[in-house]
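Okay, so here's just one chain, in structure tokens, the form predicted on its own.
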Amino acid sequence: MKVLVATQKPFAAVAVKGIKDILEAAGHEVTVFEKYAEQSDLVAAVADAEAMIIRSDKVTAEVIAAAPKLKIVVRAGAGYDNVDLAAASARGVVVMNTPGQNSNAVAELAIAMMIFMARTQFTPATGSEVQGKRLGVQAYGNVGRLVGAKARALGMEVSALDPFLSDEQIIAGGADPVHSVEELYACSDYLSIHIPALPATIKSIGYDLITRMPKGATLVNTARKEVIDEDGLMRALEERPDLKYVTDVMPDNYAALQEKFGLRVFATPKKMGAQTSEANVNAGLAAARQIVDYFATGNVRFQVNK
């Protein structure tokens, strides 16, 4: 099978070598397509592809239409909103992610962001400590549980909300269960967001939830910018000068937020959650193994467009 590794933002060289070794050992032909300039370049590159490995690359309906032989796309990472699932399903293309491979990298970043904001972005101003504060975790999956564990190691108390887990599962994961998003925000000195961008979650976090947070609270977003109602965030920060927002996904209105709120707001220049050498390699190799397994056995364990 012809496998296209299409990465506008390339994998590390060691990851590319590992991906090729895994796929070629299974008899597949690998083409590495990196640092392309335009989306149209990707459309042109997929003509013969039977499988694809991507990162944040956009597999649109146009890309899928241009790839008549395509059978599987694997997103090296947890999120998959950069793939048109409806178009893939209509063509019978399997779409997978690689859950858990970037989890520790994202969790470490979330904790680092909390401390960064607690210490006033490392300026000389007096900051605060995270020990003794309560962390709320919105979605207690792979990343959320790791964030909770690291927070407990720092002496924080942890609450979690996840509609797919029972109270017993959340307790077993070391957190106190809460039963509504309103309750979670109201009890959290720090709130770490780990929900996906879905129709039900897009712009779901706005003024009403943010202003429920306790005095001096910080909202931490390493998930997706789309889950934030940016107008509502702006209004909340205007009315509550004690609140802070830190994010790994730069808001569209970031310049205005910075101008108005200064050190109360921070966004990384690009999405940094999975930007560690370890996560880079882990996700790439997992994607390659999933493609090999799919063609060898039909395994669709991590399919996201069922």
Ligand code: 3PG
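Keep in mind that what you see is a predicted model, and the values were worked out from it rather than measured. Residue numbers here begin at 1 and follow the sequence given.
Although it is not shown, the form predicted together with the ligand is what the next lines describe.
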{"query": "Heavy atom contact within 4.5 Å of the ligand in the predicted complex, the stretch among 257-265, 50-58, 33-41, 236-244", "finding": "50-58"}
{"query": "Of 224, 212, 71, 134, the one that lies within 4.5 Å of the ligand in the predicted complex (heavy atoms)", "finding": "224"}
{"query": "In the predicted complex, the one of 232, 173, 141, 79 near the ligand [non-hydrogen atom within 4.5 angstroms]", "finding": "79"}
{"query": "Partner contact for residue 188 in the predicted complex: the ligand, 4.5 angstroms, heavy atom", "finding": "no"}
{"query": "4.5 angstroms heavy atom contact with the ligand in the predicted complex for residue 271", "finding": "yes"}
{"query": "Residue 17, heavy atom within 4.5 angstroms of the ligand in the predicted complex", "finding": "no"}
{"query": "The ligand contact in the predicted complex: residue 75, any heavy atom under 4.5 Å", "finding": "yes"}
